[in-house]
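Listed next as structure tokens is one chain, alone, in the form predicted on its own.
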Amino acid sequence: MKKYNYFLITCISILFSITTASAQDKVAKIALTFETVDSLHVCKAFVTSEGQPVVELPVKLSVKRLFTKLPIGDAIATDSTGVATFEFPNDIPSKDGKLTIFASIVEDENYMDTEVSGEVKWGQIVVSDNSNVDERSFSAGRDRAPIYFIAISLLIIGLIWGTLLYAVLQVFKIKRLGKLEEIKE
């Protein structure tokens, strides 16, 4: 029994040392600012911890999309004043021009994962052409499917059901013929 207690204590101490070795104990705060300078969009992330600017901390910038966040370039490290400056692209599409931008610190050894977001009107407005919505096409719903697709699918369904009906009728015909043979004998 002592052997198992020693093994259990060893496993628990190893797990405890692994969890405490990767613990991040410092909290960083991010402040986002947005500027437009000579038709160039600039996003600045000011990172502080305990009231002091954080130096050489990688900050990632991303934009909210439909299912996930779209990363904007690589992570940029903060300078001596704690600011990471990003040049934002002008060609990111949006329905109403509004984009939600995220600045985050992820997987740093010293600082906990932190994320902050801000909304800005830097998106390129996309106008969709819906002039062909009432036309029949391959990608339309069932009420706008091409006529020959509807006809072919109904023909295939009819042939399948016809074959099944024919097989059932043949079974009844065989049964009836068997009864006639019994009567003749």
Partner chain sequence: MEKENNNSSRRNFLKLGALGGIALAGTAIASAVTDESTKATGKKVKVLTADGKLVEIDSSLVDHHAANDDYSKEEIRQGIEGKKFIRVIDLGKCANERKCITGCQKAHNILAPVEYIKVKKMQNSPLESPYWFPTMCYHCDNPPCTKVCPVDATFKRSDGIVAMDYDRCIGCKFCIAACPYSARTFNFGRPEQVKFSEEHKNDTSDPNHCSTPYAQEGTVAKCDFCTDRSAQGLLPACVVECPNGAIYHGDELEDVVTNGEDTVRLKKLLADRAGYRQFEELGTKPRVYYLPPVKRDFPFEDATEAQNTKE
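Under this definition, the rigid core comprises the largest set of C-alpha atoms superposing within 1.5 Å between the forms. This one's a predicted model, so the numbers in the text were calculated from it and none came from an experiment. Residue numbers count along the first chain shown, from 1.
Only in words, not in the display: the form predicted together with its partner chain, which the text now covers.
Asker: Indicate whether its partner chain has at least one heavy atom within 4.5 Å of a heavy atom of residue 119 in the predicted complex.
Answerer: Contact check for residue 119: yes, within 4.5 Å of its partner chain in the predicted complex.
Asker: Does any part of residue 141 reach within 4.5 Å of its partner chain in the predicted complex? Heavy atoms only, please.
Answerer: Heavy-atom contact with its partner chain at 4.5 Å: present for residue 141.
Asker: With heavy atoms only and a cut-off of 4.5 Å, decide whether residue 50 touches its partner chain in the predicted complex.
Answerer: No, residue 50 is distant from the partner.
Asker: Against its partner chain in the predicted complex, would residue 74 count as a contact residue? Criterion: heavy atoms within 4.5 Å.
Answerer: No, no contact at 4.5 Å.
Asker: So its partner chain isn't shown here. In the predicted complex, which residue out of 26, 65, 44, 29 has a non-hydrogen atom within 4.5 Å of it?
Answerer: The option sitting close enough to the partner is 65.
Asker: 91, 130 and 133 - do all three of these have some heavy atom no more than 4.5 Å from its partner chain in the predicted complex?
Answerer: Yes, the whole trio is in contact, each within 4.5 Å by some heavy atom.
Asker: Under the 4.5 Å heavy atom criterion, name the residues of 162-182 that approach its partner chain in the predicted complex, in sequence order.
Answerer: None of them.
Asker: Rigid core fitted, is the C-alpha displacement of residue 153 between the shown form and the other one 2 Å or more?
Answerer: Indeed, residue 153 is displaced by 2 Å or more.
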